[in-house]
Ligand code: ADE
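Heads up, the chain below is alone and in the form predicted alone; it's given as structure tokens.
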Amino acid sequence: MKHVDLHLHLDGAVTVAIARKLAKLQGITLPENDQELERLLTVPEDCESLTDFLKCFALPLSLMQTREGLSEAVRLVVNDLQSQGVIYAEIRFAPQLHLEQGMTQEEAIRAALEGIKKAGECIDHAAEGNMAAQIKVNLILCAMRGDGNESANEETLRLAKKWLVADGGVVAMDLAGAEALFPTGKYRELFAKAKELKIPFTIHAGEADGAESVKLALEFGANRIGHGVRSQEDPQVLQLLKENQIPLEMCPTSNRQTHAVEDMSRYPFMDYLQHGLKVTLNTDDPGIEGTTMEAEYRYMEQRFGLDEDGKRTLLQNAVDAAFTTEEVKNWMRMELGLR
């Protein structure tokens, strides 16, 4: 099965194998034992919340503080996705989190774009020998929830506008981080500017905070909602999502591990899908969570009875929701057998 992944964090996609390659490249020492390294990279079984979950990002971020490390991380993640049958992905990252060794936000963006280009060259070369399917990748720049980083978020916004393209680079913005600690309402002005500048954006909302967070994101003008799992807490929010056909970037494994949903038997994914909400299926942080798009589909099939019609609808929704051109969407439809 071929896949589309619209909600994928770069730092959350670093596997043990990728971490070792990045460390070797930069002369960084990691634990020799793979099990110990995996423990540092992956979410613990006793993870209690999204805030706890976010601690897992420290190690992968430490491997992407140079242009060389960041570029290579993107290349390796893209190649990993391609090997798993992903034909289109939007990789999101926060440039402001890659400045510890002197990079600027703009240099971080350039490095990520360089990684995509290098991955494309490798894949094109492999395709000449009929070894690989093509993958197209775009970038989403994340502003971060937090205190004292207002100027950094403004810089991300400015650079998102500067580098914005319809396809083949930076295509949108996002708001990520600890939603419960830093409410969505705090970022009204930032996204008012994004809307004024005609920068498409998605916002993590309704994950660690309730339906009100989703409502605010919709008021801001979000083109998509990251997660939105708690939208069900307010019927009015569900109606707004349905009426406006705002895509939800849902990530079951992530929602289970972060306790966005305490009881997965009540996970609203299938209800949303069956009631006409524009649901998409994604990985979020495949390295940290130990998942893939294939595993996400298998989980939804085995636990919730997702059938072939449902899978087709999810793929159609993902193509429609992608921050890309109609030409690329038509290519995806052909590749996915949707035409």
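Keep in mind that what you see is a predicted model, and the values were worked out from it rather than measured. For every residue, the number given is its place in the sequence shown, counted from 1.
This next part talks about the form predicted together with the ligand, which is not shown.
When the ligand is placed as it is in the predicted complex, which of 284 to 292, 66 to 74, 34 to 42, 297 to 305 ends up with heavy atoms within 4.5 Å of it?
This holds for exactly one stretch, 284 to 292.
Name the single residue among L59, L30, L54, M270 that comes within 4.5 Å of the ligand in the predicted complex, judging by heavy atoms.
After the contact test, the surviving option is L54.
Spell out, yes or no, whether the shortest heavy atom distance between V279 and the ligand in the predicted complex is within 4.5 Å.
Flag for V279 set to no.
Can any non-hydrogen atom of L50 be found within 4.5 angstroms of the ligand in the predicted complex?
Because a heavy atom of L50 falls inside 4.5 Å of the ligand in the predicted complex, the answer is yes.
Is there any non-hydrogen atom of S231 lying within 4.5 Å of the ligand in the predicted complex?
It does not: once the ligand is placed as it appears in the predicted complex, S231 has no heavy atom within 4.5 Å of it.
Close approach of L81 to the ligand in the predicted complex, 4.5 Å, heavy atom
Because no heavy atom of L81 falls inside 4.5 Å of the ligand in the predicted complex, the answer is no.
Heavy atom within 4.5 Å of the ligand in the predicted complex - qualifying residues of 1 to 23
The one in contact is H9.
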